[in-house]
Ligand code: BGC
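Single chain ahead, written as structure tokens, the form predicted alone.
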Amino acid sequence: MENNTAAFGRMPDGGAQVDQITLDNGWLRCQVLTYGGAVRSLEVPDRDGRPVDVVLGFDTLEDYLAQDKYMGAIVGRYANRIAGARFTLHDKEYVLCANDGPNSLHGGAVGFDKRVWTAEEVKQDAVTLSLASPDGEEGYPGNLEVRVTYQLYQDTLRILYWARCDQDTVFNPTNHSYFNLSGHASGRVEDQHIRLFSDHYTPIGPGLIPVRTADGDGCEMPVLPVDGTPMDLRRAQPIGARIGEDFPQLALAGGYDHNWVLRPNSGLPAAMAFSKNTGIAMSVHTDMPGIQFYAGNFLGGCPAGKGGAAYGDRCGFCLETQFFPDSPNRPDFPSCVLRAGEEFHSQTSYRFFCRDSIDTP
């Protein structure tokens, strides 16, 4: 085992020790916590070769315990929202924790983000974390085993997900890092560029739950085209360019906080982002069917960040690869059911490089 693990704190009332694991491949440097499996820092070189920490995080375990923004964490069992905090599987209804109004968000009151993970394997450039989620935890069926590997490979942070359950269940993990490609302490991100390789998104209603919307012919549509709306991010544009437009979907979410439908087998990234200040660009690649672009609309109110940095609204953005929100209740969405004894495998990669724009992939 590499000597790159250090104590970060201890859970309240004499609980488990939380460690920080530092990964370094000579190009990228990343710090991962066993609390929530959170990415605490990620240093990448800017256009002048200087390291820039491009993810938001905190200096103490107490601050992680106090915040409610899922900062850098692995979220699950089910990332995003489940309507009414319940779903039916094989004619049996499962009642979840309603921790977001009447809905369940990111796994419930004590999801993966609030658990202490076990570091199973630590290398200089990779770490594998594991977690056991017992049958009935937060209302979900089955004894679930989960492993998440963070790996630095050349200019890329890879996140590999693995899971297995002894009952049929629903499963949708993601990483909830907040990115700021100008540096975690640089302030708001509206001037940073975003590009999503998606032609459709899932429209939302109250509570940010996906709804079916009638098209011009009166047919109910589970997804809507981005054409002619502020949801069209197929060409690179500043995050703030259209976020304040008078558009019902943006009003419901306070800005961008939606799931975009990815093009299967296109060979293109799911998303790209770019900062003119540092020249740092990021591309996101995944085998999941959707990506949630959240512009950090309600990031304010959390503790001071690393080095005392102030993290206010829209000081970071998230690109969460996922199954669609509320998929357990939507048979018209890609299935998130993990069958008993079968293995779940998924991979998301964040690649970093420098360029003058992201107008081309």
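Note that the structure is a prediction, hence the values are computed from the model and not measured. Numbering starts at 1 and follows the sequence shown.
There is also a form predicted in complex with ligand BGC; it is not shown, and the following applies to it.
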Could you work out which of His184, Arg115, His200, His176 is the residue within 4.5 angstroms of ligand BGC in the predicted complex, going by heavy atoms? His176
The single option of Val261, Leu208, Leu144, Met231 touching ligand BGC in the predicted complex, heavy atom within 4.5 Å: Leu208
Contact between Tyr70 and ligand BGC in the predicted complex at 4.5 Å, heavy atoms? yes
Does at least one non-hydrogen atom of Asp125 fall within 4.5 angstroms of ligand BGC in the predicted complex? no
Though only this chain appears here, would Gln292 touch ligand BGC in the predicted complex if you measure heavy atom gaps against 4.5 Å? yes
Ligand BGC contact at Asp257 in the predicted complex, heavy atom, 4.5 Å: yes
Only one of 145-153, 281-289, 176-184, 244-252 sits within 4.5 Å of ligand BGC in the predicted complex by heavy atom distance, namely 176-184
Need the contact residues for 297-327: heavy atom within 4.5 Å of ligand BGC in the predicted complex, sequence order, or none if there are none. Glu320
